[in-house]
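One chain follows as structure tokens, the form predicted on its own.
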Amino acid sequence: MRFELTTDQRDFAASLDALLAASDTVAVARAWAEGEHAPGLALWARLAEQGVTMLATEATPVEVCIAFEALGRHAVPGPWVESAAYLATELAGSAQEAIASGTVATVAVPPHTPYALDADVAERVYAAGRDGVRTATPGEPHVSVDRTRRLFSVAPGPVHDTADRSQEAFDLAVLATAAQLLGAGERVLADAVTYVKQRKQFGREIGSYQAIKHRLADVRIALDFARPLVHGAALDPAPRAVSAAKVACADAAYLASRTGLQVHGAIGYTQEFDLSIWITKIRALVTAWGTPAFHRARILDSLVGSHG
């Protein structure tokens, strides 16, 4: 498959990347992790003005993937997948319009997403089930490996909407998560390449050693193989294609995080070093919206069914 973005899509990606690059998203993520939400909510409002919160209803999955890859590359905190992908698709009427206009919402979708992300800051909290989407009340917090992901149990209330679009909403959330992983993996690789060109050992840049080159090349190949799966799933977001994209992006991003940590050495996992923001985010996103085992099983089931 040959996939190329249109001029408008490339312009959208460039403008979004420029906005995020100028927003000091690392400082925003660190503040969010400490419970200071004002910078993150201000960034949320700016991205809503750019149309990110209405892409699921007003654009196509291709634009959704463009936006979420940028969010992952810049480690933007907040319940973006939950709000701008899942709930924007699942809900209808005024609730959907509120999300499109920038209202921060979150949702728990057990068993794959049992806790509501950032329910302490979301203006609207929901819990999705087989009988539809219910309004919900945040409960006790849970620890996440990613300090910018604040997880909460929820107590479901009355049914708010039907479950007519639950499968479509779940697949778009999975695809958006895959795109986030792709962006985060690209960022870790870029930072690792920059670092190995600067760090010297025994009088040589460590990037000049073959072992380092091979490890970084393996990451480059893994990300390059994952990207077409995301683009293919964006054009035809069938469950098998979406799961394949999630598995490939999770594997590639996790390889990037392990390699990035190895080339940086001990400083790579210290909280003070920015790399840790992406490493922990990748680890959390690998199992968010379905574990790799679940998505591999879904791919297998679809293949067996198509040949049965």
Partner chain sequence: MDLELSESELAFQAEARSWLAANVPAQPLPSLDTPEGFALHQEWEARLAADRWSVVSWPREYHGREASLVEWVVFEEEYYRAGAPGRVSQNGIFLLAPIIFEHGTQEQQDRFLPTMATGERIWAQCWSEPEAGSDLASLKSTARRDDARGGWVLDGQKIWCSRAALAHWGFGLFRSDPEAQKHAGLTYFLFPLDAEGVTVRPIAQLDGEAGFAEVFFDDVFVPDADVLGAPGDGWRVAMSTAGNERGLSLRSPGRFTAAADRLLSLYAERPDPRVADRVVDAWLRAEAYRLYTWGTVTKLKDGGDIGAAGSVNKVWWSELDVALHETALDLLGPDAELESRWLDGYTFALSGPIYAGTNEIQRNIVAERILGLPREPKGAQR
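Just so you know, these numbers come straight off a predicted model, no measurement behind them. Positions refer to the first chain, counted from 1.
Another form, the form predicted in complex with the partner chain, is not on view; read the next lines as being about it.
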Problem set entry | Single option in Val145, Ile221, Val159, Ala238 placed near the partner chain in the predicted complex, where near means a heavy atom within 4.5 Å | Ile221
Exercise. Can you pick the one in Ala284, Leu20, Ile299, Ala13 that has a heavy atom within 4.5 Å of the partner chain in the predicted complex?
Worked result: Ile299
Seminar exercise, completed: Exactly one listed stretch (276-284, 25-33, 39-47, 243-251) reaches within 4.5 angstroms of the partner chain in the predicted complex by non-hydrogen atoms, and it is 243-251
Exercise. So in the predicted complex, does Leu261 come within 4.5 Å of the partner chain, heavy atom to heavy atom?
Worked result: no
Exercise. Though only this chain appears here, would Val62 touch the partner chain in the predicted complex if you measure heavy atom gaps against 4.5 Å?
Worked result: yes
For this session: May I ask you to state whether His214 is within 4.5 Å of the partner chain in the predicted complex, using heavy atom distances?
Result: yes
Exercise. Is there a non-hydrogen atom of Gly132 within 4.5 angstroms of a non-hydrogen atom of the partner chain in the predicted complex?
Worked result: no
Exercise. Using a 4.5 Å cut-off on heavy atoms, which residues of 174-210 contact the partner chain in the predicted complex?
Worked result: Leu189, Val193, Val196, Lys197, Arg204, Glu205, Gly207, Ser208, Gln210
